[in-house]
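To begin, one chain is listed below as structure tokens, in the form predicted alone.
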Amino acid sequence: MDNKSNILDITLEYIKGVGPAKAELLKKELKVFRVRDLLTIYPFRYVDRTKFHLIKDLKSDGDTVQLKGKLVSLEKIKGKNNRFRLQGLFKDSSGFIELIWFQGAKWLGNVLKEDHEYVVYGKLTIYKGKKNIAHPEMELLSDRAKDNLQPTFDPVYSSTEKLDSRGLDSKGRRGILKFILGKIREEDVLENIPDYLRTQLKLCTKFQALHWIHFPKNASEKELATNRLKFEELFYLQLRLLLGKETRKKKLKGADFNVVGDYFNTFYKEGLKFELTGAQKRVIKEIRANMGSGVHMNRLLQGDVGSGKTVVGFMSMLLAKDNGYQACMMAPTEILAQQHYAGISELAFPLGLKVGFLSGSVKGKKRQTVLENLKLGEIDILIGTHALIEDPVVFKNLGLAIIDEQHRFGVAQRAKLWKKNTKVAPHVLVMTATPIPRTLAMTVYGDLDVSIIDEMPPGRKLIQTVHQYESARPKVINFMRSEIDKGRQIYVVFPLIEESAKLDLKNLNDGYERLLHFFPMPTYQMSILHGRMKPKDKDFEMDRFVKGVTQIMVATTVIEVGVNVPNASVMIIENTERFGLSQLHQLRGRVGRGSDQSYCILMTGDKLSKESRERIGTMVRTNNGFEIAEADLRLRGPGDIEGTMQSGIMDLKLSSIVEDSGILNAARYYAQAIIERDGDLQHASNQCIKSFLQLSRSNVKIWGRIS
């Protein structure tokens, strides 16, 4: 190995103890190619080798223990099927213990040496008062002294069966990493946190962190390394997002909505049937200022179900029209798009605005007419599904694109919508009824400006939520009958999880048959809805429920987002323990849309896990979506918010946005401060940041200009 080359850039086959075959396996199993990659596969726990136990003090079966003493004797014992086990007697100053190996007896019998001192590490078993350790790790005390190895915290790494079988388990990788770290010089490691920031935050150097994260001598070194590397991860995550946001603001010109004209003012004074909440007014003001600045808007609008996001979106569309631009709204499903079309058409008609609709089901001459009118500018507002992003859809002058339920669209899909105006970038307003905790919003949507409607319209009755066990079924059936007698409608929702789709579908059909027994035709009418139905059949069933032809809708979670039936006042969720909190909150939001008191009944079996009880307790306790989202994040972790993952965002090796929110907040604060002072990273003190970003740029895609 050339000592002048940077060891971090060397491919793994050239490292002592690896070689071509093991290097190939590490590539396949861990996606590591070079030394620097292997160093960033951090331990997930540590074995405390700083403490030694005495045999006489060992009391608890299953404890992991470390002993220091002499291997008194070794004996091969023949068992069943001519299989041998190796049995050893080990002693320290306080007593004796038996060591047993059921595998590798022949090989170990040749390697282990009687009457030599060893460090023994393994799990204690106590059977009928007799103590033993099966398959302990054995290390000659003389080897530890010879290598000048001090007792340490031994790292334990995530592994696979293939890695373990080739000697690349934790023990094998420890040997490789000790060799690597012994060869690394301080100048080999690029320090990517500026000196002034490290001093201020009392962070160790990157060189120290790499040594201490793998082989800490004590708890203090382990903590210092962990804090340093977590901060670094989250700092660069925030820095990339914020730099992308700044780049977009500087380089990307948005449509200039500097006029607040007749359409906006007429609707505000005459078209609104209710007083806007303070939160709605604040958000509209933020959007107006943003779109009137000449800078491209990329804004996330969060608001719980029923908080009035659609009106805010419509008034933003009126600003586009007042300034000579078209607007569009894209929804994830045909049903939701149709509801937006109906609602926005009703608001737009008195103002003389033309609203068009486009989805996969709009075909032939009807489709051609929409496309022609859109290109000529005769359609002011276009509502639709992902059909809006198809190439034949050409706007005359698109100025605002609204995306409803952001998490249902991938980044690439949204990028196509953003390119629908070649002269100026259409402003983008992303709306979601899925409340996002602040830490997750800072991470997933870190490059968007965020507006929050955190106030519900006055007069809305809170949905009453109760938890019932299966034993209360007769009471629930009677309650359903009484609500139907009042003219109300009811949802009954069953889980549908892909791994058990057939079983779930059977549960849904069984539930439907059981309800028919309690609610027989023709006295009662029921709809059934699930994801395996043909689109036209789904639309038919949904339409019957919307029109009040059926009183009960038996469904899977396909009705989770956007369905608006004001007359539906009861939501019954079966097998509640199988749903996540966020999903339960979304389902509950399907009711409570009219003036009547609404109810959500959470049905479960008798046996519930602690986590299920906490989820259900949270739902019963609060209707606040943001409080629920925080609890969901705490219970489940960030999960995979489909379509919102910007490259590298959730690729966190050490830090957790749930557990490390304090470090995340600090990382965001310092990243923001650096960008405000030195946005181009020209200052000498920030050159290490610039160098690191340039080095890692090839592996990072920044979607900073796309919502």
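Numbers for residues come from their place in the sequence shown, where the first is 1. Predicted model only: the values in this text are computed from it and were never measured.
There is also a form predicted in complex with ligand ADP; it is not shown, and the following applies to it.
Novice: According to a 4.5 angstroms non-hydrogen atom cut-off, is Lys309 in contact with ligand ADP in the model of the complex?
Specialist: Judged by the heavy-atom cut-off of 4.5 Å, Lys309 is in contact with ligand ADP in the model of the complex.
Novice: In the model of the complex, does Asp380 have a heavy atom within 4.5 Å of ligand ADP?
Specialist: No, Asp380 sits far enough from ligand ADP in the model of the complex that none of its heavy atoms falls within 4.5 Å.
Novice: Does ligand ADP get within 4.5 angstroms of any non-hydrogen atom of Arg460 in the model of the complex?
Specialist: Yes.
Novice: If we define contact as a non-hydrogen atom of the residue within 4.5 angstroms of the partner, is Asp632 a contact of ligand ADP in the model of the complex?
Specialist: It does not: once ligand ADP is placed as it appears in the model of the complex, Asp632 has no heavy atom within 4.5 Å of it.
Novice: Between ligand ADP and Ile15, Leu38 and Arg166, in the model of the complex, does every residue show a non-hydrogen atom at 4.5 Å or closer?
Specialist: Not a single listed residue reaches ligand ADP in the model of the complex, so no.
Novice: Which residue, Phe540, Phe274, Phe349, Phe102, has a heavy atom that falls within 4.5 Å of ligand ADP in the model of the complex?
Specialist: Selected option: Phe274.
Novice: If you check Ala337, Val305, Met553, Leu241 against ligand ADP in the model of the complex, which one has a heavy atom within 4.5 Å?
Specialist: The option sitting close enough to the partner is Val305.
Novice: Within 4.5 Å of ligand ADP in the model of the complex, counting heavy atoms only, one of 351-359, 277-285, 223-231, 619-627 shows up; tell me which.
Specialist: Residues of 277-285 come within 4.5 Å of the partner.
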